[in-house]
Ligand code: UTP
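There is one chain below, alone, in structure tokens, taken in the form predicted on its own.
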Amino acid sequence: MSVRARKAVIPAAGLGTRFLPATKAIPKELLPIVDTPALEYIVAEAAANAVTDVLIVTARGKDAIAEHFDAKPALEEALEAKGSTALLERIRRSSTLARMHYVRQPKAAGLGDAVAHAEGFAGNEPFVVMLGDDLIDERDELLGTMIDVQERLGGIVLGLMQVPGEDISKYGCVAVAPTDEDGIVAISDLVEKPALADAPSDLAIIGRYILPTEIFDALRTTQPGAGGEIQLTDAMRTLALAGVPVHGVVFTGRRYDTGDRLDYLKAVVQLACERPDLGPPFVEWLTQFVQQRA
């Protein structure tokens, strides 16, 4: 039985070029989903699953991320003086979710390279990796189940989701076999961004991983792969072929992709519709707008 993962790593060193010019000065990870930065959703998910420490892998020009998760005494005092209790609680939330840590990645050289920068933070414990543009609805269970599975079975545990064949080349993909547990599969091989004809299944790796510390040795010997970058999938494959157990939790709930402009807009609309304070009038307006456009 493994130690329970209680630390999370969130890579956030990318340039955010798909969202330029907005991301020229604002980190992509802080773009709001209505009024809450996407990255705060990810940290909140970690905290809700008893993750106590979060490492953000950042880059030059992304100091605003640390600012967002820091306390703001002057702002808090101003809101308190105005009696804005609800808003005060909301801005305090980001600085109380977890103990935040930061490390700078000098050059964006792939997800594997970003994870390699977390070695000192991880120590000798398994740890979570969460991609900042994959939002999992807080009403749907994934990360907690993954942590439970890793604690029992050790090794690597991945979040998986069925995707259409035409999309499989955007993801890491896995070859699987069933286990005696519903929704949990054993993984025998991993391929990064395969062509449809080469994909071993329709199960894609989404942005949730539980990794053992052996991943760092594997990353040290991993050569650049797809896109000329150090791919985490390739390092995990090295461990799988060396006998490290790899399992996947198949997710069938609500997932929002904020890494693409169109999908980002969909996420904003979907989550705005779900908000009790904004949803009813927004849905009413949206319905009228769509009818007018039809």
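Note that the structure is predicted; figures quoted are calculated from it, not measured. Throughout, we count residues from 1 along the sequence that is shown.
The same protein has a further form, the form predicted in complex with the named molecule, not shown here; the description that follows concerns it.
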- Using heavy atoms and a 4.5 Å limit, would one call residue 131 a contact residue for the named molecule in the predicted complex? yes
- Query: If you check in the predicted complex, is residue 24 within 4.5 Å of the named molecule, heavy atoms only?
  - Reply: no
- Task: Answer with yes or no whether residue 108 is in contact with the named molecule in the predicted complex, where contact means some heavy atom within 4.5 Å.
- Result: yes
- Message: Is residue 29 near the named molecule? Define near as a heavy atom within 4.5 Å, in the predicted complex.
- Response: yes
- Query: Heavy atoms within 4.5 Å of the named molecule in the predicted complex: which stretch among 150 to 158, 83 to 91, 169 to 177, 131 to 139?
  - Reply: 131 to 139
- Give, in sequence order, every residue of 7 to 22 that has a heavy atom within 4.5 Å of the named molecule in the predicted complex, or say none if there are no such residues. 11, 12, 13, 14, 15, 16, 17, 18
